[in-house]
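Just one chain is shown here, as structure tokens, and it is the form predicted alone.
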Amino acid sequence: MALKTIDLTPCIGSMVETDVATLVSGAASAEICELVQSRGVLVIRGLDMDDETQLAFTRTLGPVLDEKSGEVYKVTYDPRESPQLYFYTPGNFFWHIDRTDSQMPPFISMLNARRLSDTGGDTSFANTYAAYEELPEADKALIEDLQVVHKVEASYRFVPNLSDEQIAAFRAHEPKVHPLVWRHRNGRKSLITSTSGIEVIGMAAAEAEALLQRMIDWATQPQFVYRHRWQLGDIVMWDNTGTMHKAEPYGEESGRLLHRTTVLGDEPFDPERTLAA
């Protein structure tokens, strides 16, 4: 079936007009998976999904990630809603790709707006396919074979006043090495840029830090970015293998609450490294 869509920017983001019955039936799932990979981010408004319906829709797209908190991950500062996940919320305010602490990242992540902040709290997305494609040829040659060390604790290095408990928990995650250039099985390439990236193998620390920040700055130029201004009931999904994202600041006491479901991935950051392991 052909879904009605409206592009939100030339490079990234499309609004999809549909209904709950269509989504839960799976009739549009193949098209949605194609759209999210080609547009990076999809927005669906006005459906007011509960958790059961959101999960039913998510399952039509692929196997659902079951995390320690269950299949529905509550993104919030409110410890009453999610005591464990509140621990990790501050990392959401910096550009990242989810689960760089694994070799096989999630495919599609989906957020459902349940409560909003009066101020702030937008979510921004950056197209890392387009960012790579528009790089100067000299930069493509420079980064083509570089390997980057990613650490969970590095994702929080700009967060003030972390507790000793938080620092210990972040350091408990083993570092992972990923290429800076992701060679996808569809033949395209994208950047693996994230604040978790902290070292470049074989490069001096200061030079590596400057290069990694320059790649994030490049990928988050306005032409590669869509900024979503939430409305209650919004469903926003993105291709975690081709975008970065971050939350814009909002108050800890705002009550902002998004329910996230996640489709498992089947494309590793580095197929050669995964096969070797």
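So that there is no doubt, residue numbering starts at 1 and follows the sequence shown. Source: prediction; values computed, not measured.
This protein has a second form, the form predicted in complex with a small molecule, left out of what is shown; the following refers to that one.
- The contact residue chosen from Q166, Q103, S117, T123 relative to the small molecule in the predicted complex is T123, the criterion being a non-hydrogen atom within 4.5 angstroms.
- None of L146, L135, V75, I198 but one reaches within 4.5 angstroms of the small molecule in the predicted complex through a heavy atom, and that residue is V75.
- Residue heavy atoms within 4.5 Å of the small molecule in the predicted complex occur in exactly one stretch of 150 to 158, 189 to 197, 91 to 99, 173 to 181, and that stretch is 91 to 99.
- Interface membership of H245, defined by any non-hydrogen atom within 4.5 Å of the small molecule in the predicted complex, is confirmed.
- The closest non-hydrogen atom of L111 lies within 4.5 Å of the small molecule in the predicted complex.
- When contacts are judged by a 4.5 Å heavy atom cut-off, R260 counts as touching the small molecule in the predicted complex.
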